[in-house]
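Single chain ahead, by itself, as structure tokens, in the form predicted alone.
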Amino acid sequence: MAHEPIKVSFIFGTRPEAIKVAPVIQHLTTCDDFQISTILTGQHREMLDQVVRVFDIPITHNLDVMRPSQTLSDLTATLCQRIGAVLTDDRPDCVIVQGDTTSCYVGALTAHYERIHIAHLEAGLRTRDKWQPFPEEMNRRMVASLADFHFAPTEGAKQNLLAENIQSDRIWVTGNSGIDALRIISDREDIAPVPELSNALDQCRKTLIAVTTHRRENAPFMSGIAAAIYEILEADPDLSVIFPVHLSPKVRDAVVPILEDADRCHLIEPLAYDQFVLLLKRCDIILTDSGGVQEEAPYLGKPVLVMRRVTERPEAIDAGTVKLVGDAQANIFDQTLSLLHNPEEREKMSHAINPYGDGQTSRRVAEILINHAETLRNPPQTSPTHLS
């Protein structure tokens, strides 16, 4: 007698989450073993909608929780109530959360309250500094204490979980699903740049730097980051910058006044994911504080300078594809100029091995869940995680 499909509910609300759950949703949807639903919280509404369109993600529940000037406490309380109501009605066998956002943490917490199995994509990333990044570092630590299935992107992430007394038979090294998403988009040949990106690319000179910055802990340093970029452009007349500016008013207020009149600096609106991949493929160097870009760039052979003091992705540093340059204006300037003027180092970084997977994470996740179907179809009775 055929079993009923495993009911899986994905909870996500930001652009990076959507990118990384999209290929897993696509793969599980093609398998008869699963019945899929999605809970969209809507933390990054404008940029999130772009990803939903690019990957054609079906949305079952749209919570639309964001409000102007909402605090993290407000957001957490609202999410807990609304996600809890959906899970009470839908009763999935398993909730899948991704990464380290408030949606991820509260999704896991409410699933725990409802005695629903929890699977965590991108488990085990750590900086061991609860303020860097904030609040993400503590979000992912707390999710680890709740999850039943830990899908670690790397062996290093697995070791982090083992050090926190997570049982080894609850951890699987699957690679990062973000590489699955990048593979899907980068293999497409029908994507053309939108006019704003096309115009910027047409005006670029010999060397192109792509810049992204948005992290909350970098807010005090945004003006310095922008000033460093201005100085870099002044120092190298063969250089151009394309900078998709985050929608956050704090980012825009810090960046735009300094760079809007800078020669060869193209401040453009945030790009849809497929457009952003085009930019990454065309650029020579990436300056970023993004975690996802640290994973994506090695797949495309692009050197990355990370404008953060610490990173939860040390594998890329060890592999030689990424360098930490901190958040200080002078250091960003010095390190970027040094790399620009060192083609041998750029070539070395471009050909380093990508430590984040082969683009088959979604398949591995599906196989693991199918192998544990009997467990998933029964509500959890005891925690598989040692709490001592």
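Start at 1 with the first residue shown and count on from there. It should be emphasised that the depicted structure is a prediction, and the values quoted were computed from it without experimental measurement.
If you look for the form predicted together with a small molecule, you will not find it shown, but the lines that follow are about it.
Note on the interface: of 133-141, 86-94, 156-164, 113-121, the segment with non-hydrogen atoms within 4.5 angstroms of the small molecule in the predicted bound form is 133-141. In summary, among the residues 351, 341, 67, 53, the only one with a non-hydrogen atom within 4.5 Å of the small molecule in the predicted bound form is 67. In the predicted bound form, the small molecule lies within 4.5 Å of some heavy atom of residue 247. Among heavy atoms of residue 9, none comes within 4.5 Å of the small molecule in the predicted bound form. Contact check for residue 177: every heavy atom lies farther than 4.5 Å from the small molecule in the predicted bound form. Under a 4.5 angstroms non-hydrogen atom cutoff, the small molecule in the predicted bound form lacks residue 240 among its neighbouring residues.
The candidate spot formed by 126, 319 and 357 lies out of contact with the small molecule in the predicted bound form, as no residue has a heavy atom within 4.5 Å of it.
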